[in-house]
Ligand SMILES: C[S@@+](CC[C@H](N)C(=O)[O-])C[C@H]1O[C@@H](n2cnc3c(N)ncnc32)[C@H](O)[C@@H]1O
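This document starts with one chain, in the form predicted on its own, laid out as structure tokens.
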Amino acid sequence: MSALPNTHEVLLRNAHLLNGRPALLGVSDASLLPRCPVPGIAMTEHAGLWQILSHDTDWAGCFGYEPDRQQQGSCDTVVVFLPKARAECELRLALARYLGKPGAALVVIGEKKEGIAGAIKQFSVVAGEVVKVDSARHCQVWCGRNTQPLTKFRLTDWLSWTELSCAGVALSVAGLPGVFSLGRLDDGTRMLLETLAESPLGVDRVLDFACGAGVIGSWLHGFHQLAGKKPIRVDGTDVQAQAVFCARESYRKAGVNGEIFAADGLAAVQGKWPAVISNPPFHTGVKTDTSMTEQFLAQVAAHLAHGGELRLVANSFLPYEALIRQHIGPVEKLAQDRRFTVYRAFRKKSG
């Protein structure tokens, strides 16, 4: 079998902790599940992994922080894999308290470099006395009890709103812990939006790949309204559960016409659009990872109408220009500074 992430390996090393029905929060590799002694609930924020979990007959899959009401208080042991974003730890612990029975065992596992020490302070607030039971593979395992069980858990209670403005367009953006650029407009997206104001797409349908909290779609909707243009449809896709939830909320509040898809890449997305836009991620945790964008660029031509436009912003040091030229067509730079570049390309007629 292939190697598992360190946190998953350490859980199996401590499989004796999985008493009764377990819940695993933050699963990042589905091959962990058949190695566990008993099935239960497996939560992941990753759309591709969720598709795998939802087809597993032994484990109940949960996409992000929207559990089934019947799952409340149903677990004897809840394992919390430490999330990448510190602010998300409190949210994940709340879900653990909701899924666990009163007095259920709560287990927190995380790598030292990801801030397990700080997370244990949060853990002790909700689990009373906590004990470190193992340290291996650069990870620590801590145990406590569900001394403060929750009978209600609503993701909307964790929702925040940020008022943003760019190129004369104001918008409200929903936020949740763990979502990219929470509470602010990142500089790359701002540069992309400014090019959309200066050089409009001139189409009535757009796909926003890796849409995050729905900033670009909400902005395009507002921009067309201010300009007195006919409404634009902006569909979006993202791999992260919180982003999908926030984008739908942002669209709902602004009245944006469009659908948000939970998808890992474009393989499961059907249709063609006259324009595709993106501010794609390039990190997996703290590591630079361009594989998602490279895959996107290899697939996007199949989702662009003939002559359709791709507009993408990325950190200037990333090697995307040659890939765009290879897969879509001639490339031009609409804007550039020391940090970011906005690229534009039109699908080749022979694509």
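Here the structure is a predicted model, which means the values were calculated and not measured. Numbering starts at 1 and follows the sequence shown.
The form predicted in complex with this ligand is left out here; the points below concern that form.
Visitor: Which of G115, G265, P177, P274 has a heavy atom within 4.5 Å of this ligand in the predicted complex?
Guide: Of G115, G265, P177, P274, the residue with a heavy atom within 4.5 Å of this ligand in the predicted complex is G265.
Visitor: Find the only residue in C211, V234, A96, V108 having a heavy atom within 4.5 Å of this ligand in the predicted complex.
Guide: Flagged contact: C211.
Visitor: Does L207 reach this ligand in the predicted complex if we count a contact as any heavy atom within 4.5 Å?
Guide: No, L207 is distant from the partner.
Visitor: Answer for V239 alone: is it within 4.5 Å of this ligand in the predicted complex, judged on heavy atom distances?
Guide: Yes.
Visitor: So in the predicted complex, does any heavy atom of V215 sit within 4.5 Å of this ligand?
Guide: Taking the distances in the predicted complex, the answer for V215 is yes, it comes within 4.5 Å of this ligand.
Visitor: Would you classify N279 as touching this ligand in the predicted complex, given a 4.5 Å non-hydrogen atom cut-off?
Guide: Judged by the heavy-atom cut-off of 4.5 Å, N279 is in contact with this ligand in the predicted complex.
Visitor: Judged by heavy atoms and a 4.5 Å cut-off, are T189, A243 and M292 together in contact with this ligand in the predicted complex?
Guide: Looking in the predicted complex, the three residues T189, A243 and M292 all sit within 4.5 Å of this ligand (heavy atoms).
Visitor: Please identify, from 154-162, 97-105, 215-223, 116-124, the stretch that has a heavy atom within 4.5 Å of this ligand in the predicted complex.
Guide: Selected range: 215-223.
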